[in-house]
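Quick setup: one chain, the form predicted alone, written in structure tokens, and binding and motion questions come after.
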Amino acid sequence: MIDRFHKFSYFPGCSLATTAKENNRSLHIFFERHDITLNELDDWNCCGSSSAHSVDHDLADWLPTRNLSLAPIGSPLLVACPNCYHRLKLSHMMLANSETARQQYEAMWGRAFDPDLEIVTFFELISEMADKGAFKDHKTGLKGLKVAPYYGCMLSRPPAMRHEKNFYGLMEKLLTSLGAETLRWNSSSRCCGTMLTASRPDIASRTIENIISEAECAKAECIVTACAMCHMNLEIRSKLPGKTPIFHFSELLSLSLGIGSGMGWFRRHLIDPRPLLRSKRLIP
């Protein structure tokens, strides 16, 4: 893919545009350093995420399709959030398999459906970059950092997407190659509670405390997440005294390039990771 494209359309989704701006910024800077341009979709809307389907199934089906209609022809669409990727990809599959749905789509958005639109996850692009040696010059960029990789449940695929690529293990592979020590632990794929954090914070808080307790038992100095919503839940719902720092994967990738200490995004964290990073001499 990188051989064919160095410019991608980009759908950030609601979390990266609001509560996880540091995720969005570090992702952009990382790709800029690798000569990859992200062009954000103009006037994109919420994809429906994990809540629309429980309110209105038609809304859940059609919210993502408007974003598909905004994607320019001939450019792959990069999606950073695993759940947003699910929604956009499932909508594209629905349209590809239903002439009736395509007719509704074209009437609704005034544009022909693009069956050849490539919808690419952040993890897929990072994986391809790694296979092509993009990280070979940064083998000590995260030296000494003990990390618990946390995927949550969002890299799991619904049945309709069972043939999609699976990227479990990618964070371990890359972080280890960059000098970090990745730890095996029991809750790396456990759901964080996602939208229960709003409707049932009592349940979400118990779940988060169990997850972070598992990471601390594994002697993790920090946790790195694959999902911006997981990151938010881990930061705001834990009542444990350990205060384990939580990183976005894009932040650690940028940090491995020597980027991050002066960008201001660590100040956005509710659990300040800078003391840990200074103790490891990863930032001044």
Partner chain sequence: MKTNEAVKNINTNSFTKMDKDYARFAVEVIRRSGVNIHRCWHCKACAGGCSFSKDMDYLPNQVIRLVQIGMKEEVLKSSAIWICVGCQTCSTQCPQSIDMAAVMDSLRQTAIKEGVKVAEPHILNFHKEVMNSIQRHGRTHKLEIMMRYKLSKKDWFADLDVGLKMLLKRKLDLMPSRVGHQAEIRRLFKLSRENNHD
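Residue numbers count along the first chain shown, from 1. Fair warning: this is a prediction, and the values are worked out from it, not measured in the lab.
Not on display, but discussed next: the form predicted together with the partner chain.
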In the predicted complex, the one of Ser213, Ser75, Ser199, Ser177 near the partner chain [non-hydrogen atom within 4.5 angstroms]: Ser199
Selected contact from Lys165, Lys139, Lys132, Arg111, since only one has a non-hydrogen atom within 4.5 angstroms of the partner chain in the predicted complex: Arg111
Is Ala96 near the partner chain? Define near as a heavy atom within 4.5 Å, in the predicted complex. no
Thr121 near the partner chain in the predicted complex, any heavy atom under 4.5 Å? no
Can you tell me if Thr18 lies within 4.5 angstroms of the partner chain in the predicted complex, counting non-hydrogen atoms only? yes
Please run the contact check for Leu276 against the partner chain in the predicted complex: heavy atoms, 4.5 angstroms, yes or no? no
Whether Ile29, Lys219 and Met263 all lie within 4.5 angstroms of the partner chain in the predicted complex by heavy atom: no
Can you pick the stretch from 123-131, 168-176, 152-160, 139-147 whose heavy atoms fall within 4.5 Å of the partner chain in the predicted complex? 152-160
Would you mind checking 168-193 for residues with a heavy atom within 4.5 Å of the partner chain in the predicted complex? Arg190, Cys191, Cys192, Gly193
